[in-house]
Ligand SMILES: C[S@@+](CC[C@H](N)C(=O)[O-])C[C@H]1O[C@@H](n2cnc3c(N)ncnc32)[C@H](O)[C@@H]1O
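Shown next as C-alpha cells: one chain only, the form predicted on its own.
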C-alpha cells in the first residue's frame, strides 16, 4: 500500500470515528461490504479503493451527515413545514411545572417562569411585546451592539476591534476558536436572529471550526418559534456553523444539564469560547441575582468566556420610568398595561379553572421596592408585580422587574469575577436611555 493510499484509509476511519461509527459490523453495513473487508482496510491488506467503492463510501458518509442534520432539526423539509426538534428537561415538563405551580400557589412568591410556560401565557407575552413595548427600538439596539462587538477591523495589536471577534480569535488564521452561544430566556428569538446575522458577517472573514446556538426557556410555544427562526437564519451555512439546539429547561432553578452536551465540552478550553446571552432584562427578573451568578452563570462560563447582559436602566427618579404609571390608581388602562395585567393574572386564573373554582376578585399591584432583599445590587430598584387576592387577604409576587444603576451593577459584577468589556446604551423613542447592553468577560472564580 502506498503512503497516499494509507492516508485515504486513515482519513476514512477518522471520519467514521468522528461520526460515532467504530464497530466493524456497523461500518460494513453502512458501506455495503463484509466485516472482513473492513478488517482488510484497517490492516492494509487491501491496497486501494476502486472508483465505484470510493463513490459508495462517499455516499454513505453523506447519508450519515444528512441524518445528523435531520436529527438536529436542520432538515430543509422540516424548515419548510415549520417542524422543529425540541429537548425537554424533566423539571420543565409542562405537567411538572403545573404541579409546581399548584404547590406554590399558597406561597408569597411564584416568579416569572410561571407566566409563559403555558400557551395562553406565551400569547399574552407576545401581545405585550407587540403593543407599546417599542420592540423595534430594542432590536435596533441589539443590532448596533452586535456589529460593534463583532467588528473584524484590526486594532493596533493586530487583534479584531470587536471584543467578541477578538475572543474568537477572528483573523488569527488557523487559530480561530469554536463558539458556543447560549441564550437564556430568548422569548420568540428575534434578538438571537440579529446576533446570528452579525456572527455570520464576522465569520465570513475567518470561519471558526464550529459554532452552535443553544436556546433555553421554559415556554415550549415561544421556544419552538425561536428555534425555527434561528434554524431558518442558518440554513445556508455549513453544517459546522448551523447547529441550533432548543432546550426546554429551567435555567434559574434547574440543573443546566444541557451544558454537558455543548461542543466546547469536547475540546480544550482554550480552543473554544462560550457567549452567554441574557437579553430583555431577564437578569432583572430572576429572584436572587447573586445566587444566579454564582451558581448558574459560573457553571455555564469558564475563564475567558463572555456574558452579554441586557438590563433596564435606573431613571433619575422612579417616577420617570414608563412602568411607574402602573403604581398609581387610574380609571384608564393602556393596551400595553392591559396585556401586562393579563399576563400576570394568567397563572392564577388557570389554576382556578383547573380546580373548578369560581373566578375570585384579583387585582394587580405594582410597587417600587428599593434597598431590600429584592433589590440588593447597589443603586437598583425593583418594580414588584403582585397579585392581590382580596378574599384571602394576601398577595403573591409574580414578577420582579429591576432597573439598574450602571456603575453600581458594573462594580457588583466585577466583584464576582466578570470584567466589563463594552457597554452600549439604548434610548427609547423619547431619546431617554432606557436599556444598557453590557459585555463581560469571565476572569475567574470570585
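None of these values were measured; they are calculated from a predicted model. Residue numbers count along the first chain shown, from 1.
The same protein also has a form predicted in complex with the ligand, omitted here; what follows describes it.
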Position in contact with the ligand when the complex is considered in the predicted complex, options 275, 222, 344, 194, heavy atoms within 4.5 Å: 222
Heavy atom within 4.5 Å of the ligand in the predicted complex - residue from 307, 282, 230, 199: 282
One stretch from 210 to 218, 259 to 267, 149 to 157, 356 to 364 that, in the predicted complex, holds residues within 4.5 Å of the ligand by heavy atom: 210 to 218
Residues 112, 249 and 252 all lining the ligand in the predicted complex, heavy atom within 4.5 Å: yes
In the predicted complex, residue 162 touching the ligand (heavy atom, 4.5 Å): no
Contact flag, residue 187 vs the ligand in the predicted complex, heavy atom cut 4.5 Å: yes
